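Only one chain comes next, encoded as structure tokens, the form predicted alone.
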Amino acid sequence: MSKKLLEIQNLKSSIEHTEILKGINLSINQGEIHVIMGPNGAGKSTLANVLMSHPKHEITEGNILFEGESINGFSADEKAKIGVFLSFQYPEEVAGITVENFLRAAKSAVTGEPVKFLPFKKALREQMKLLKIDETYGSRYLNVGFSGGEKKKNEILQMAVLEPKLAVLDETDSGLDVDAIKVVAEGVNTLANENNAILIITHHKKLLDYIKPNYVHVLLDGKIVKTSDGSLADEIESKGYEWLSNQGGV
């Protein structure tokens, strides 16, 4: 029997006194891939930010449980250390720090242990080969001069190196062409296993042409209004979101 990793109970949040999340309920088990879809402004990225303790977002009600423990008061780095990972919609450029050095420092910060240079370099090359990333990528400055697709591949590489229990991918397919979407999808499919879980946040179904989720949830106006299997994404593709606006619940 798979273990429950994440349980969100009636989660409400606000930013500068404006309520954004209005009662989110969501449960994710090990070995599952969940997708949250919704139009712009529905609260999708807000949910990702709240899950990772963005300082501008305040939890006003509800609970976030990770492996049965409330993590409402955890900082972003504390959540990273227990196995929660967030892939950013708009990754930052960091001049002067190579991808390899960044990943080694991140691995050390998450595990709390020093990471030996040579074994890490070998493991990183293996991950790059698995994800079809050129080895020279590791010596480039983090995201500096990267294309949109390269930035998103770097996020997937981070996920591979850090080995989180729960990976939240916030619109990781945003602005990508078909080839880049395929690369990201292949990375997700490669890294998904029975011991972790992945939550993908998106507003269209292109990525789902290559990833088969266990559940698709529709988020509208700060609430999940419907949950189903992957066929729900096809309905949204053909009908849009308006037909779901009066669902009022899952």
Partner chain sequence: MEKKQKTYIEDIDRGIYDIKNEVRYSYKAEKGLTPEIIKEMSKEKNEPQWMTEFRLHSLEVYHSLDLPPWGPDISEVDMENIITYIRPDTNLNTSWKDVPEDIKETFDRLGIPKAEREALAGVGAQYDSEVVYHSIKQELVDQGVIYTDMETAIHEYEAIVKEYFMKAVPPKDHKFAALHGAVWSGGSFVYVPQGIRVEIPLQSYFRLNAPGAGQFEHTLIVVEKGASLHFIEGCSAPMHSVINLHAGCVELFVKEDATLRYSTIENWSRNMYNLNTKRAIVDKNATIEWVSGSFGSKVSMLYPMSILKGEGARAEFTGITFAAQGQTLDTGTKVIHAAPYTSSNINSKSISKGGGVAVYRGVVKIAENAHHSKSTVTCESLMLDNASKSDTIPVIDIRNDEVDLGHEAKIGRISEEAIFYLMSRGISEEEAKAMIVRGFVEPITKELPLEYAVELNNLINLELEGTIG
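Keep in mind it's a predicted model, so treat the numbers as computed, not measured. Positions refer to the first chain, counted from 1.
We do not show the form predicted together with its partner chain, though everything after this point is about it.
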Where, among 176-184, 130-138, 101-109, 115-123, do residues come within 4.5 Å of its partner chain in the predicted bound form by heavy atom distance?
101-109
Is residue 221 close enough to touch its partner chain in the predicted bound form, meaning at least one heavy atom pair within 4.5 Å?
no
Is the gap between residue 167 and its partner chain in the predicted bound form 4.5 Å or less for some heavy atom pair?
no
Evaluate residue 91 for contact with its partner chain in the predicted bound form, applying a 4.5 angstroms cut-off between non-hydrogen atoms, and reply yes or no.
yes
Indicate whether its partner chain has at least one heavy atom within 4.5 Å of a heavy atom of residue 171 in the predicted bound form.
no
Using heavy atoms only and a 4.5 Å cut-off, decide whether all three of 7, 10 and 27 touch its partner chain in the predicted bound form.
no
Do any residues of 142-168 have a non-hydrogen atom within 4.5 angstroms of its partner chain in the predicted bound form? If so, which ones, in sequence order?
142, 143, 155, 158, 162
